[in-house]
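First, one chain by itself in structure tokens, the form predicted alone.
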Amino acid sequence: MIEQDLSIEDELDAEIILADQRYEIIGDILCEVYQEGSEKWTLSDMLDKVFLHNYLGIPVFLVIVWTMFHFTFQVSLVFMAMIEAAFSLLGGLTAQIPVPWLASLLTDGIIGGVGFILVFVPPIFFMYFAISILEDSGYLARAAFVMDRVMVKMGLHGRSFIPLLIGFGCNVPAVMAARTVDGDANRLTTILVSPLMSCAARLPVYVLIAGVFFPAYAGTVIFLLYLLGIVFAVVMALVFKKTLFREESAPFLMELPMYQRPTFHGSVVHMWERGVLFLKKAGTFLMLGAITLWFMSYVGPGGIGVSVEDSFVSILGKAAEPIFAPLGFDWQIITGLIFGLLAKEFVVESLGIIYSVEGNLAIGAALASSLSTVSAFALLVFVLLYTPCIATVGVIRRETGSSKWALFSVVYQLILAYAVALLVITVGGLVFV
């Protein structure tokens, strides 16, 4: 045991020794070629004094992230309204088709499902646009450096922040990025908490619910959800390190890039490269899911063309309704959460199909009549924390080489999501009596 601890310490010190020797060589070279003059502050020095400050660094990071989400939501509103109006008009045309099942498939299935998902393309694209600006400017690397201080103080691996940061885009590459984390225990911990980060697939749910129940503070609510994802990832990682895994944290060594002025063209290109993946997903996987979900809502034990209340999708949702009764979720929302296990976009897509209405306002009215404000926030928290999509579970299985850890990630996130949502309902019920 003592030999094992010494080997770990030697492994941890190796990187520090390597860094010291590297900068010692650099210092020797500078002594020969560098002629000291009067001290001159550059813009980069002044920015780093603020962004990397021991006390100001994290508050500045939080303000920048809040601004990003506020910008994303506010700028997207007009584009969302335009897309919504276009699909509403198209839905009115397809509803006139004389063949009932075809009219229902196109109107309620394709337009009500995939069409409604496409309404949320603007906030996804603008979020990627804002992230690309932060990345190209050189600030994103500094954010990782600032957050590393907090993570190391809590006994976590510094390099874990990079996979967590990638998780804002998609949890699948975030889990794969955990390969860069040293130590089996540190890597496994990072893999298990990475899905707690809010991926882009959750954003349509956030925008829909926050826009309906918190219209004046939608951007702030979305920011809080992303912040909660970081908080719970850190807390659960700390719990795992204190219980399941025990391994020393390694230092986080990185060279900060120079500050650069982001170009509009470069940011747009990065936005498109990332956002087009969502469009491809909507045109393939989500389209197939919409057709499947529509079929289940159109067919029931009584035959074809039954009402949604008598369909197979209703049977599925109502079977789990007693479990979610304490959270205030009805069978429509429960069905959305069940299909959300395949992909988080299905939560919104299923609501569009099940409610059999087109447009954000119509679905918003249906949600407002079935959820209280407290239950709506509990739903947002549940979507944030509950089991990742099936693709992420598959990657966890592949990266860990064990079905046990993939199953563990599914179970613990379900329990965590339910417990925290129930806490929101309990506390909210006491506050808003």
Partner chain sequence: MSDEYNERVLALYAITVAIAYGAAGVLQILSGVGLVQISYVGSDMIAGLMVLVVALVFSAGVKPLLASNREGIAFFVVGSVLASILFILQVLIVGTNLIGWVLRFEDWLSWSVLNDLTPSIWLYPIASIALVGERTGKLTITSLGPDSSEVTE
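Numbering follows the first chain given and starts at 1. As the structure is a computational prediction, the values presented were derived from the model and not from experiment.
Separately, the form predicted in complex with its partner chain exists; it is not shown, and the next lines address it.
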item	value
Partner contact for residue 102 in the predicted complex: its partner chain, 4.5 angstroms, heavy atom	no
Interface membership of residue 59, its partner chain in the predicted complex, 4.5 Å heavy atom rule	yes
4.5 Å heavy atom contact, residue 338 to its partner chain in the predicted complex	no
Exercise: residue 242 in contact with its partner chain in the predicted complex, heavy atom 4.5 Å	no
4.5 Å heavy atom contact with its partner chain in the predicted complex for all of 64, 70 and 85	yes
Heavy atom within 4.5 Å of its partner chain in the predicted complex - the one residue of 262, 326, 92, 305 that qualifies	262
Contact assignment for its partner chain in the predicted complex, among 75, 342, 288, 277, heavy atom within 4.5 Å	75
Proximity to its partner chain in the predicted complex (heavy atom, within 4.5 Å), stretch among 327 to 335, 104 to 112, 75 to 83, 292 to 300	75 to 83
Stretch 46 to 60: residues contacting its partner chain in the predicted complex, 4.5 Å heavy atom cut-off	46, 47, 49, 50, 51, 53, 56, 59, 60
